[in-house]
Ligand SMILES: NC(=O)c1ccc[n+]([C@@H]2O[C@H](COP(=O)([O-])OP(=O)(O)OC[C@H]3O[C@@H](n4cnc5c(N)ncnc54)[C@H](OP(=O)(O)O)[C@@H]3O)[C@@H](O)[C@H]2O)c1
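Taking the form predicted alone, here's one chain by itself in structure tokens.
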Amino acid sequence: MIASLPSLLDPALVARFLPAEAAVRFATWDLVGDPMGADAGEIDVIVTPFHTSSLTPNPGYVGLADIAAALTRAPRTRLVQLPSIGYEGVPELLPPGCVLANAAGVMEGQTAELALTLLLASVRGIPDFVDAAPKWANSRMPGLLGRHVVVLGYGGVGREILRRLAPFDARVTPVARTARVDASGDRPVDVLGLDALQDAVSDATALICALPLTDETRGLIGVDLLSRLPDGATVVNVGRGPVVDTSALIAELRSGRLRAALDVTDPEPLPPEHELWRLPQTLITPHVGGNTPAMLGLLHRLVADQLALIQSGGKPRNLVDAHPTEASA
């Protein structure tokens, strides 16, 4: 079996996690140009670089057209393995007989960690204090104790955000596509449906978005929902940029009514001249939610597990289709 790996992965580290009897040959391929170590037509498994549906990809990312072209050149491919949780745009590109897997389990914890970092920085006024330095600008900020936080999205990232919020003694309301009770943990969690979202945010200190991008979620956080948030509330987005209507958010930030802490934006990457960079009470990180050394270690192990499963005739993990399940949204 021949597997192509993006340059961000080390074939030797993947091989270290493979069983001794595994017979896997590796090629290096970022899906642009020719693979190194094999012909494209020989490849059975493609592990892609990070991908984007944006027309202006981040450096090191590939676009959907690159993935489509690679699959045309590699007709033997049985599995496309993404290094990310999000998979928007890719299922539609797969030829018959080829399946798609995402990297669930690799970066949820790290992304939740950043969501909490952005939230705490915003509700404690860190951007304001940095902007005011060296002036000693003492002021009172909301904090989280006794406050209400709405977490929009109850997939792996959303659940990890809830877990990390627990010690801060805030009231936390998870919202997903459909209402349900999650009884998988120590205590049942009441998850509201999207039909209750506008009422849920009406007294929220913060709205954290951890949603995937679908036709249903695109622009979900728009004029109507933003207008329901109280004055001074913070919008945190670690899901996908287009879930938030950028123009509507900018209007609220211009007025000073809301705050924002964003790891993902629309457009992305955010051009240097974009107004979001200059707006007050706005904190932006460049889509780094899962980007830690822990992510790379887990990703190497996941790829090895997938290859071992295929070789043994098993079913790969994390198979996805074009429509997120309730558990992912």
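The structure presented is a predicted model; accordingly, all values stated were derived computationally and were not measured. In case it trips you up, residue 1 is the first one in the sequence shown, and so on.
The same protein has a further form, the form predicted in complex with this ligand, not shown here; the description that follows concerns it.
Using a 4.5 angstroms heavy atom cutoff to this ligand in the predicted complex, none of Gly146, Val172 and Leu225 count as contacting. Checked against this ligand in the predicted complex, the candidates Thr111, Thr77, Gln81, Ser122 yield a single residue with a heavy atom inside 4.5 Å, and that residue is Thr111. With the partner removed from view, the residue among Val150, Leu162, Ile85, Leu229 that has a non-hydrogen atom within 4.5 Å of this ligand in the predicted complex turns out to be Ile85. Proximity of Arg240 to this ligand in the predicted complex falls within the 4.5 Å heavy atom cutoff. Within this chain, Val157 lines the site of this ligand in the predicted complex, having a heavy atom no more than 4.5 Å away. At a distance threshold of 4.5 angstroms between non-hydrogen atoms, Thr217 is in contact with this ligand in the predicted complex. In the predicted complex, this ligand lies farther than 4.5 Å from every heavy atom of Pro142.
Residues of just one listed stretch (63-71, 283-291, 300-308, 40-48) have heavy atoms within 4.5 Å of this ligand in the predicted complex: 283-291.
In the predicted complex, the residues of 261-282 lying within 4.5 Å of this ligand by at least one heavy atom are, in order, Asp263, Val264.
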